[in-house]
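What follows is one chain in structure tokens, specifically the form predicted on its own.
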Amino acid sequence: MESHQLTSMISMANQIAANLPHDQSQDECDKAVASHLQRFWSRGMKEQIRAHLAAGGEGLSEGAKRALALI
């Protein structure tokens, strides 16, 4: 069962992946999302969302999954 915090982080990661400029290659977009998450998310948030990704990443968009795999 997901916590409210994890549900919020999934939503935020998906929004970041969907809203960053997409006038670049997919690889550049993924790196931009990863950079944003690396700079603005706390260590605990990143650990929790990476653990969720490792467990299958239910609810994460493909773009968010690719970006999270980079951090």
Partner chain sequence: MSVQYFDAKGDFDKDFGTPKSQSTELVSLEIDGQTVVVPMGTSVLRAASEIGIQIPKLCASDNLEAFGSCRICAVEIEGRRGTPASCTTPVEAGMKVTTQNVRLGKLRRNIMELYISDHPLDCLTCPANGNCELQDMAGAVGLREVRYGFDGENHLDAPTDSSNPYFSFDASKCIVCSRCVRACEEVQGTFALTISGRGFESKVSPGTEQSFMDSDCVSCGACVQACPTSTLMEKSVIDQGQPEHSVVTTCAYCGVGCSFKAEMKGSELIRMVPYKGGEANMGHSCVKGRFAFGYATHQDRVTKPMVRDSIDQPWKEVSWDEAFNFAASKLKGIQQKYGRDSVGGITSSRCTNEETYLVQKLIRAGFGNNNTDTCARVCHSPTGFGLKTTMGESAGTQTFESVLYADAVMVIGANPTDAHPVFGSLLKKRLRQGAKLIVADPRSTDLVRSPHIQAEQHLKLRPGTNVALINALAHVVVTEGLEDKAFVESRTEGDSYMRWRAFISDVRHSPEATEEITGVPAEKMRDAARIYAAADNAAIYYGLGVTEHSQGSTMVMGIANLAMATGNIGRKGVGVNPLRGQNNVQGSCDMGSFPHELPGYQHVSDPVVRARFESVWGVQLDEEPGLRIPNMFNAALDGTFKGMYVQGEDIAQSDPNTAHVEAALRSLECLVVQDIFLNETAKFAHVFLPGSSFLEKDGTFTNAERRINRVRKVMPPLAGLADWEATMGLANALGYPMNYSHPSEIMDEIAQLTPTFTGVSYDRLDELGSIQWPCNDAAPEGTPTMHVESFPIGQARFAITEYVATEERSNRRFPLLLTTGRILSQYNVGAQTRRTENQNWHDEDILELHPVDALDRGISDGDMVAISSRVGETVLHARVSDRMQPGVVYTTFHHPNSGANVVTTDNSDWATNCPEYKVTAVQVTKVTGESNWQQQFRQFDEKQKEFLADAKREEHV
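Numbering follows the first chain given and starts at 1. Since the model is a prediction, treat every value here as computed from it, not as a measurement.
There is another form of this protein, the form predicted in complex with the partner chain, and it is not shown here; the text below is about that form.
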Would you say all of 52, 58 and 70 touch the partner chain in the model of the complex, counting a heavy atom within 4.5 Å as a touch? no
Should residue 42 be classed as touching the partner chain in the model of the complex when contacts are defined as heavy atoms within 4.5 Å? yes
Does the 4.5 Å heavy atom contact test between residue 36 and the partner chain in the model of the complex come out positive? yes
Contact flag, residue 46 vs the partner chain in the model of the complex, heavy atom cut 4.5 Å: yes
